[in-house]
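This document opens with one chain alone, in structure tokens, the form predicted alone.
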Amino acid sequence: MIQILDSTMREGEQTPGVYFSNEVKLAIAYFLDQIGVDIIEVGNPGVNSEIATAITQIAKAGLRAKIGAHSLCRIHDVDKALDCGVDFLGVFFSVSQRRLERDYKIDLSSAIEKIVEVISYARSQKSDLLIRYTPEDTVRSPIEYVVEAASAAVRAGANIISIADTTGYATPFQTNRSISYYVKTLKQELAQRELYPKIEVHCHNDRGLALANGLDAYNAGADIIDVTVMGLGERTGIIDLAELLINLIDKNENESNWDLTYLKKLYELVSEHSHISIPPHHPAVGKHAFTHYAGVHVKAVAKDEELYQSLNPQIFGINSSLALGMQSGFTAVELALKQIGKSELVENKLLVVKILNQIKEIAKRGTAIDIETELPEIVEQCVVDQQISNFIYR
């Protein structure tokens, strides 16, 4: 069974301008826990004391999910994370040739010594701690470097190795650049050394392929996939939580493990406090995700929603809806009239046509017509107009 790691409060807060108060972070954590996320990565306590407080608060909240902290590959930073009472520790250190030469100015052997020292220390401090080692920028690192560093990390006490597509470089269309290649190769190479850590993937969306790469990793046997709400994160962000879950359900993952009725409220909470709007066309949680508009569509779904829907909105705790505007037809007006409690007007075909024509005229302003607030006014005016017309030509 695939596991989900949510990093909205860590990676997500790396979105420029995004800040979540500790009170909001706790609320986000509760929603994630209700949905059934396995690991909640709250942040890096080395950044500031407020983040450390948030991690500690959430770690003590009694949630089912594992609560995790992110840490530089330094013993001092590991201590800060462990002081928060976490179940999960993520340590990262790149072994890409460019990073070793131009940034760290050390060779692979020295890098591995550092990784082993820090992970061994963390393991000695807490025997049941889940420890993840991430060779940052994995998919642009020599695979043999990744294997060597990962092997040493597991022997030192790491339970999880994360394949990080730090720059969104991976693509499922080229074998040696695919996440699946790294998942399969790493699993095989480690198994030959009788090492069997869980394999995690962290996919950035720089080329618009984060979700595709995540599903590619899933098919290759990855154990954990990282996500954020709304795909928030550094630059273009990472895999979106809702988008991943709806695709995993489609791949026969057991949807009973996740309560997707909390998704919409979670997204609204994160949107409000990140000051980033949810795109209306966002899958599952967007305003238009289950809204039907074009006349042909509305007429068909009035008979059978599956004719123009491959997802059941009820698993998200919502219902399908319709929109009124330039694309609307006769059926849409009839359904809308019933929705606002004016079903008796449906039999008056001339009135329905008049209402439809008025809707199309108003829709030229470029926005959809609100059924609950604007339609009653349109109906009232059209009824009055028809009464006047009938009186004149009586």
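Owing to the predicted nature of the structure, the values given are computational and were not obtained by experimental measurement. All residue numbers are counted from 1 along the displayed sequence.
Below, we refer to the form predicted in complex with a small molecule, which is not included among the displayed structures.
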**Message:** in the predicted complex, is there a heavy atom of the small molecule that lies within 4.5 Å of any heavy atom of Asn22, even though the partner is absent here?
**Reply:** no
**Request:** Considering only heavy atoms, tell me if Ser162 and the small molecule come within 4.5 Å of each other in the predicted complex.
**Result:** yes
**Asked** Is Asn213 close to the small molecule in the predicted complex, meaning a heavy atom pair under 4.5 Å apart or at it?
**Response** no
**Request:** Indicate whether the small molecule has at least one heavy atom within 4.5 Å of a heavy atom of Thr134 in the predicted complex.
**Result:** yes
**Prompt:** Which one, Ser151, Thr166, Ser274, Ser141, lies within 4.5 Å of the small molecule in the predicted complex by heavy atoms?
**Reply:** Thr166
**Residue stretch of 291 to 299, 198 to 206, 177 to 185, 116 to 124 approaching the small molecule in the predicted complex, non-hydrogen atom distance within 4.5 Å** = 198 to 206
